[in-house]
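What follows is a single chain, given as structure tokens, in the form predicted on its own.
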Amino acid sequence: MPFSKHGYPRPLVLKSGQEVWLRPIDPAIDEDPLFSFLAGLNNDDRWYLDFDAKDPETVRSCFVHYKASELLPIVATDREGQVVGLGTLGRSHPGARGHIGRVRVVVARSFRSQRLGTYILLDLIQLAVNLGLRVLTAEFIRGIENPAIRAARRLDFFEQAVLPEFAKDPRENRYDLVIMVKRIHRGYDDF
């Protein structure tokens, strides 16, 4: 199992002093909290996700009944067991891109600017190391996800490409899509 040597659940203390727990999605208990979390995102936040957060079948197939060979979802939960953050590590088939993972993080508005997104991203990086991946990619929308871009830079992601006016908001405003990459060096380990 991909999560077996990763030490879950992991407690985290946010800047506010609040404690949350980071762990893989558990299909037995996380379906309703995950739906509540996604429903709690505003329309703009849901607009920029790369899946239809309002479609129960999409959410179930992607996150609740996920295929570990394709996607590894982790959640941050509060003391009551409510999901307050979601992170995913997507993986390609074992071909030319088998060494590459794709990360995505979304955090509840009330938990933003508390380092939760950074902690989730750090955890996904460590998970990628444990799986032997060598490259991570992440996509961000400049002008919308600027704090996430800054956090990724601090974790050694760099801009690989910018696709001008590639994304649009519900009002047809256009934004640049920033593709960031992190190279994971052999022997990268905790110290």
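Worth saying up front: this structure is predicted, and the values here are computed from it rather than measured. Each residue number is its position in the shown sequence, starting from 1.
What follows is about the form predicted together with a small molecule, which we do not show.
Asks: If contact means a heavy atom within 4.5 Å, which one of 22 to 30, 149 to 157, 54 to 62, 128 to 136 is the stretch that engages the small molecule in the predicted complex?
Replies: Among the candidates, contact is made by 149 to 157.
Asks: Should Thr118 be classed as touching the small molecule in the predicted complex when contacts are defined as heavy atoms within 4.5 Å?
Replies: Although the small molecule is absent here, Thr118 would touch it in the predicted complex, with heavy atoms inside 4.5 Å.
Asks: According to a 4.5 angstroms non-hydrogen atom cut-off, is Leu72 in contact with the small molecule in the predicted complex?
Replies: The answer is no: Leu72 has no heavy atom within 4.5 Å of the small molecule.
Asks: Does Arg91 reach the small molecule in the predicted complex if we count a contact as any heavy atom within 4.5 Å?
Replies: Because no heavy atom of Arg91 falls inside 4.5 Å of the small molecule in the predicted complex, the answer is no.
Asks: Check whether Arg112 has any heavy atom within 4.5 Å of a heavy atom of the small molecule in the predicted complex, and answer yes or no.
Replies: Because a heavy atom of Arg112 falls inside 4.5 Å of the small molecule in the predicted complex, the answer is yes.
Asks: Hey, with the small molecule in the predicted complex, do Arg10, Asp78 and Asp123 all fall inside the 4.5 Å heavy atom range?
Replies: Judged in the predicted complex, none of Arg10, Asp78 and Asp123 sits within 4.5 Å of the small molecule.
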